[in-house]
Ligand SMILES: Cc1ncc(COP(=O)(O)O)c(C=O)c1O
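Take a look at this single chain in structure tokens; it is the form predicted on its own.
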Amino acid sequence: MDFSTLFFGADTSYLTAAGVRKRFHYLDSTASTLMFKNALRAKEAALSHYGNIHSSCHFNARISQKFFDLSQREVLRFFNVDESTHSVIFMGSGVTAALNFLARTMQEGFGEKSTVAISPMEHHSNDLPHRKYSGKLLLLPLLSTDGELGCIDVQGSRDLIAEHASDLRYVSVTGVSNVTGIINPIAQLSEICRDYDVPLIVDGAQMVAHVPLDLSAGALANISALVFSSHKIYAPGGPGVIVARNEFLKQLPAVELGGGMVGKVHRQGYELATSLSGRFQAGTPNILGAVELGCALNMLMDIGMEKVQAHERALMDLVWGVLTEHPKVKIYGSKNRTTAPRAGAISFNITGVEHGLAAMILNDYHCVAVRNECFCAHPYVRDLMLDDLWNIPVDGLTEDQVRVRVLEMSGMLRVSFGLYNTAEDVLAMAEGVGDIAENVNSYRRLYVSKGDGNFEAIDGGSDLNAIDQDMIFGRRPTFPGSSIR
């Protein structure tokens, strides 16, 4: 089924470096997704009634509060839970803000314990905050098949958690790797954490748009907090989100103070808001972004996450087939899709071709968008590429040339997709990869290394100078004495 008509940007076209206009094949959804058209329409509808919340003194304040509350309830409904067991907290800069908030808050709330456990495959946002706010960081083991890394090792994790349970503040793991798309056994990890009375945080940034999640049933009901980003689930401009068990939130102190999170303030002290979610949301939240997210989740529920998953599994099968069959393509991570199932993304390299050069050629000549480099997961990418890095040919190069060469080869290409992608997008990518593998030397003379692992076209590439203030912001009247149009 083709869902692309539901989204902005799915039919965008560009003029390639070869002078041919082609539809843009957006295969970078792990970084950010395109936007549901209805999500923007919902936000525009809310603008007619916009006002600040935390008041009932006028129509717009009441209506905006209603919009905000409905959006929080849509989040709960998406995960099949309600306010009796869970609360929703909207945060600023996506999952990054949410995980920093939780790491800092849990340092204060669970400070008697100093150890935190994560996996080796984490995005920096689910790594660095825990390094900063914990005394000791443990790495849960990964399964390895024929030397290739797979998902988190359940038995090995149980042993590690059991060994450190007395000092383990919490466990925080990604549901789906943003590098390989490998799905982790979250339900089993949740059971282990329950058995040892350790809170479990799940980074759902790459999971919630691809995999159905019911937080009311089975082991998933034990997850203390699930975090995700609106911009990775078809609502760019929306907030980061924490969906947490009420019993877990009651143990946390309010660390960000200001308006909205208090009931009363006295000269000698203050009383927290009665709402659990409210006491962790100081200041004016992103009301319009919340409306956008609520609509996006409503759309996904109307479609059905099982249909979403089936659609993307078909794309994954197609991507897997065309890449694994190519003799010059190396896919990273375990190839066993039974023990290491994947969702949403695959990372790979073309033998002998720099990741930055390949990404540029795919964009400039094939109108295919992929991401390259290390995807804000440097330690994990290095683990996956260890053999490749040891075998980079550097004989005869100067020290500076070696440094540049290592950067050029220390990264991958990542193909990732969303609900709007079709088989046509996958086949366009496959055609581009085949073209690069066959003709890279012809392309190489058209580009120059930037010295940081990336490349740029010698002739400057596509002319983006036509994108100016007027195109984005529109023409505005000139005011006397003002330099602003």
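The numbering used is simple: start at 1 and walk along the sequence shown. Keep in mind that this is a model prediction, so the values were computed, not measured.
Just so you know, the form predicted together with this ligand exists too; it's not on screen, but the next bit is about it.
J.: Look up in the predicted bound form whether T30 has a non-hydrogen atom within 4.5 angstroms of this ligand, and give yes or no.
T.: So T30 counts as contacting this ligand.
J.: For D203, is any heavy atom within 4.5 Å of this ligand in the predicted bound form, or not?
T.: Result yes; D203 sits at the interface with this ligand in the predicted bound form.
J.: I'd like to check something about S347: if you look in the predicted bound form, is any of its heavy atoms closer than or equal to 4.5 Å to a heavy atom of this ligand?
T.: S347 lies outside the contact set for this ligand.
J.: Within a 4.5 Å heavy atom cut-off, is N178 in contact with this ligand in the predicted bound form?
T.: Yes, contact at 4.5 Å.
J.: Pick from H123, R169, R342, H86: which residue has any heavy atom within 4.5 angstroms of this ligand in the predicted bound form?
T.: Exactly one listed residue reaches within 4.5 Å, namely H123.
J.: Scan V243, L140, A209, V95 and let me know which has any heavy atom within 4.5 Å of this ligand in the predicted bound form.
T.: Here the answer is residue option V95.
J.: Quick check for you: of 248-256, 353-361, 231-239, 401-409, which stretch puts a non-hydrogen atom within 4.5 Å of this ligand in the predicted bound form?
T.: Careful reading of the contacts points to 231-239.
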